[in-house]
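Included below are structure tokens for two forms of one protein chain, each presented in isolation as structure 1 and structure 2.
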Structure 1
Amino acid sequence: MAGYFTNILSGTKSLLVGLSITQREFFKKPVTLQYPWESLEMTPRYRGHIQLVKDGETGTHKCISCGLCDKGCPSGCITVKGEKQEGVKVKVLVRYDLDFTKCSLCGQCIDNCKPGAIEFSKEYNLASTRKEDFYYDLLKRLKEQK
């Protein structure tokens, strides 16, 4: 019988403690970010989709079209096409396509890239109703960056 009353008392106390916690939290400031109105700066290591690095000296990409990123991609979402051109020693990049719908952002293409020609972009506001919007032509993207 004594247990009956102590149970009721300790139970009531635990309930009151809970109430005091939530009431205290009520007066604190919200911690959420009002997303469409404010947004966060991405950290330097944030992994967005890949893009070609712009070389500061030459003003163009550093890709030697070796195709290691293509071969090492687990999802097969990169297509690199290089051409032999007159007067140039290495193959010249003519197309660099990324199918972002398949990409899992593992970063193995960047690890594989010897000249450091690709990097992660910082874009995260990506939304579309059309699949085609995520087929990126990275060469075109690089040109538009100017």
Structure 2
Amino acid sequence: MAGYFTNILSGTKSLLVGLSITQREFFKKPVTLQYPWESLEMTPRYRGHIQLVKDGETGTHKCISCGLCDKGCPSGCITVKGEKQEGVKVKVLVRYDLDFTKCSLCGQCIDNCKPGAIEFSKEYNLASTRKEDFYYDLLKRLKEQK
């Protein structure tokens, strides 16, 4: 019989503790956001997909199409193609593709890039139901940013 009353007292105590926590939290400001209408401020260390860096002097990209980012990528998600054109001493970047479905955001490509031509973007709202939406032509995206 003593165990019966002990169980009732311990159950009542835990109920009161739970109700007090609920009452205390009920009047606090909610920490959730109404997603489509409100958005979070991204931290400076946030890693989105990679993007080409615009050169301040020329207004184009800094990429010299050396391919070190492509070779250093463990996921194999980067494709860089450069061509030698007439009248130009160095290769000209023709194509820079990113398959974001394979990217692990490790940052190896950025570490390998000697001229500092790529960086992580701050773009984070990348939801889609189609796989094709995650294939990026970074050269085309840079031209559209102008």
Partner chain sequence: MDLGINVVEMLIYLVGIIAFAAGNAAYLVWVERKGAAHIQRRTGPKEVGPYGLLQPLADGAKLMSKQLIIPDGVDKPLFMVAPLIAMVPAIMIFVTIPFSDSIIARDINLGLLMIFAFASVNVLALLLGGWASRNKYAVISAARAVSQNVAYEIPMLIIAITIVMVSGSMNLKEIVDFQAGGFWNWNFLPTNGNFLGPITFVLFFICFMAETNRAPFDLGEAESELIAGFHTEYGSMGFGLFFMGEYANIVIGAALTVILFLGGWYCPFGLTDGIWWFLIKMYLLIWTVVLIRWTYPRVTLWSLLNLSWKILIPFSLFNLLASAGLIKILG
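Whichever C-alpha set is largest while still superposing within 1.5 Å between the two forms counts as the rigid core. Residues are numbered by position in structure 1's sequence, first residue being 1. These numbers were taken from a predicted model, which means no experiment stands behind them.
The form predicted together with the partner chain: 1 or 2?
-> Structure 1, not 2.
Among G116, I21, G59, E38, which is positioned at a hinge, defined as the point where C-alphas switch from fitting one rigid part better to fitting the other better between the two structures?
-> Answer to the hinge question: E38.
Across the change between the two structures, how many whole degrees of rotation does the smaller rigid part show against the larger?
-> Expressed in whole degrees, the smaller part rotates by 21 degrees between the two structures.
Cα shift between the two structures at E25, which is computed once both forms share a superposed rigid core (Å) = Here the C-alpha difference is 3.6 Å.
How much does the C-alpha of T12 move between the two structures, in Å, given a rigid core overlay?
-> Spelling it out: core superposed, C-alpha of T12 shifted, distance 7.3 Å.
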